[in-house]
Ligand SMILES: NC(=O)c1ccc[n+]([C@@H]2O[C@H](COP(=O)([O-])OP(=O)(O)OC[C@H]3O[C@@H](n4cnc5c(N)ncnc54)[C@H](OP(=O)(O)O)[C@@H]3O)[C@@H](O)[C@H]2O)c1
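There is one chain below, alone, in structure tokens, taken in the form predicted alone.
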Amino acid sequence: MRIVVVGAKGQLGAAVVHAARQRHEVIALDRAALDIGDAAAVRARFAELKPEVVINCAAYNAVDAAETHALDAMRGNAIAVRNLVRALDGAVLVHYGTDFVFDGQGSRPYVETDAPNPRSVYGMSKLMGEWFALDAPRAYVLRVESLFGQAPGAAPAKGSVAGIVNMMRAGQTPKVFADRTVTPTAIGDCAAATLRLLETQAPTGVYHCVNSGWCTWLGLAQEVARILDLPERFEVIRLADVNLPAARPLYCVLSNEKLAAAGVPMPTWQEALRDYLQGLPQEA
């Protein structure tokens, strides 16, 4: 397949490019190469490249900043997706969503048919992006969450998991939520699942593309300590203890049963975390 990846230098984008290049023709575009918020630029570039698949790894991910920069969030997470859809010309679209489209008030893993109810500007902008993506004749909307990992040759890993790991390895004391429940997901597993859906021509639509199982952030930190044989030194907090500009969903576990039913079973988050930690250099 001839695949265009936009947002190719981000954490997930780099993993998708690395995985796809092993079997497909890949054109990797970062923001400097293509601003997908510019509709005319997107149309011109896609007319030139003629992709069979477009994988959108670009996003505005500043959750708290979005509360006061709503137009930036909407441009990056919604309008940009509309621009991609209008320029596809028959190509398949893959777009990544987020658990933040849910309110986090549930007590069981969210499935794809559960009604979204975002509680932040970021979550609303991502939900609008999903709606635009699903206007495409053939589109996969893959919701991901709590991503971790680093593609070969890419920039150092970012995000909450990397922050916890780096602090613990440095002998510092990370703050970890005891009441936020998530499904940590490895970028490599997410990239592999994306390609599997495309290559098997699985039914299009919304999927939760996450590792299996769930944990609190405290539980994740405890598993890091166990795998790395480090002392359990954390500052345990609750969401109500901190004053964050954007609301976070407390329980944001995503079920990946639909993905498994499509022939794409996912490893557990513990297996994915172990593989990530064992691949780190000896010194932090």
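Worth saying up front: this structure is predicted, and the values here are computed from it rather than measured. All residue numbers are counted from 1 along the displayed sequence.
One more form of this protein, predicted together with the named molecule, exists but is not displayed; see below.
S.K.: Within 4.5 Å of the named molecule in the model of the complex, heavy atoms considered, which of Ala28, Ala59, Leu250, Leu218?
M.R.: After the contact test, the surviving option is Ala59.
S.K.: What is the one choice in Ala66, Val54, Val224, Ile36 with a heavy atom within 4.5 Å of the named molecule in the model of the complex?
M.R.: Of the candidates Ala66, Val54, Val224, Ile36, Ile36 is the one lying within 4.5 Å of the named molecule in the model of the complex.
S.K.: Please pick out the stretch from 103-111, 143-151, 169-177, 128-136 that is in contact with the named molecule in the model of the complex, where contact means heavy atoms within 4.5 Å.
M.R.: Of the options, only 143-151 has residues within 4.5 Å of the partner.
S.K.: Indicate whether the named molecule has at least one heavy atom within 4.5 Å of a heavy atom of Gln11 in the model of the complex.
M.R.: Yes.
S.K.: Do Asp99 and the named molecule come within 4.5 Å of each other in the model of the complex, heavy atoms counted?
M.R.: Asp99 belongs to the contact set for the named molecule.
S.K.: Please run the contact check for Tyr122 against the named molecule in the model of the complex: heavy atoms, 4.5 angstroms, yes or no?
M.R.: The answer is yes: Tyr122 has a heavy atom within 4.5 Å of the named molecule.
S.K.: Is Arg196 part of the interface with the named molecule in the model of the complex - any heavy atom within 4.5 Å?
M.R.: Result no; Arg196 lies far from the named molecule in the model of the complex.
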